[in-house]
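Before any questions on how it binds or moves, here is one chain, the form predicted on its own, in structure tokens.
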Amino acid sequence: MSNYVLKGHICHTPDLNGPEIRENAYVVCENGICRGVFDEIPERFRGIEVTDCTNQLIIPGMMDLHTHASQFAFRGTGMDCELLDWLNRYAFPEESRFSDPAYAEKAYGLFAQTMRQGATTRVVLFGTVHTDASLLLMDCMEKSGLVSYVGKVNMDRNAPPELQEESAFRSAEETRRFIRESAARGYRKTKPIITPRFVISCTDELLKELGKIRKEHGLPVQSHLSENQEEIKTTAALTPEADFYGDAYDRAGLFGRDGKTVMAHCVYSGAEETERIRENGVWIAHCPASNMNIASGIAPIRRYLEQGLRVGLGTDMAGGNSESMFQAVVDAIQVSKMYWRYIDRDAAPLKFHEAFYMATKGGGAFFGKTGSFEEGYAFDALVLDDTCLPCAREMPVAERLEKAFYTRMDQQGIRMKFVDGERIL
């Protein structure tokens, strides 16, 4: 793996207190690892090739903690109903198409290529219940150069016949096959993740089996949590022994504690649930676009940050209408303003640097040490050229950075993209 130095305006957020910006400074990559940001190249790195990106913005790659690769085809459509109806009318019919390997290969190929071209460098993905199609998704993501977790979805109740697996035993066995075959393919950047769709579609027996598999293989877990009020009521009726929604996962060994778990949404997580999230070290994937589009609500992200919870961002296609993490940053800020204005005047709206942190280091922590240019972090980086935006005056770098997100410079401004130190664009 090559060693190199990038010169430009280095912008990252080591913590939530504010951005760290070093103008026309140097960031060093050595064997895929960041060795820090410097005003002058240290002696020990002299002789390493320098790529001059003077006056361009150099930022960490974006970390998408939750999206559905199988729903990419119908993004931006079907936004006329709430979650449970939306699943039956739009998401499930699309996902049933993935029983056809030819369709799966085409659809996932298009998804992976789009992700490669964008700002995301690491992503946590839902596939479908189809094992072979989910392996095809892993193939496509490995070729893309991104780092990803890919989940074969589990559903053994309350699903359309063509998507409902015949039993908890069969679903668990297919999950084991998925794990076994993915290991045999020798991926470098693509890993499996345990993926119960949500409690409504998984029997207690299946959740417990998945808990056993998670423990056997030491794998992370992803699912949905407290997204929609009707979903929460249905979950409570199906799991009367659980103290709250997240407790149903926890009883099965799928809610953090001795392994990594990311739960999407948490719009309506109460005090007990959020405390369990904090105790167990569960990550929250905040998905503002999806929460708006299918009318779920607004997650209290300011409260979660103040409680010290682990929070990242997710695009959640196709509840979300775009794969863009730049858009997710903007959406998170905007919905926080609505939360402050109409729900809780004590919950201050997110600042840009806070949403930027969630999209980089906050979500990056799920993958390990990444999402920042601190020494020892995996080198994921984007070089943005915002000079194509007409402007009558010179702007401070901090303002240029914010403007790049609000004007979606990920669509036309990405000049270079690095994942684990490897240049993929």
Ligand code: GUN
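What you see is a predicted model, and the numbers here were worked out from it, not measured in a lab. Start at 1 with the first residue shown and count on from there.
If you look for the form predicted in complex with the ligand, you will not find it shown, but the lines that follow are about it.
- Stretch-level contact analysis of 341 to 349, 85 to 93, 206 to 214, 327 to 335 against the ligand in the model of the complex, using heavy atoms and a 4.5 Å limit, identifies 85 to 93.
- In the model of the complex, residue 286 stays away from the ligand, with no heavy atom inside 4.5 Å.
- Although the partner is absent here, residue 108 sits far enough away that none of its heavy atoms falls within 4.5 Å of the ligand in the model of the complex.
- By the criterion of a heavy atom within 4.5 Å, residue 311 is excluded from the residues contacting the ligand in the model of the complex.
- Interface membership of residue 222, defined by any non-hydrogen atom within 4.5 Å of the ligand in the model of the complex, is ruled out.
- No residue of the trio 361, 380 and 419 has any heavy atom within 4.5 Å of the ligand in the model of the complex.
- With the partner omitted here, the residue from 144, 269, 154, 71 that has a non-hydrogen atom within 4.5 angstroms of the ligand in the model of the complex is 71.
- Interface residue among 290, 121, 128, 175 relative to the ligand in the model of the complex, by the heavy atom within 4.5 Å criterion: 290.
- Of the residues in 227 to 253, only 227 comes within 4.5 Å of the ligand in the model of the complex through at least one heavy atom.
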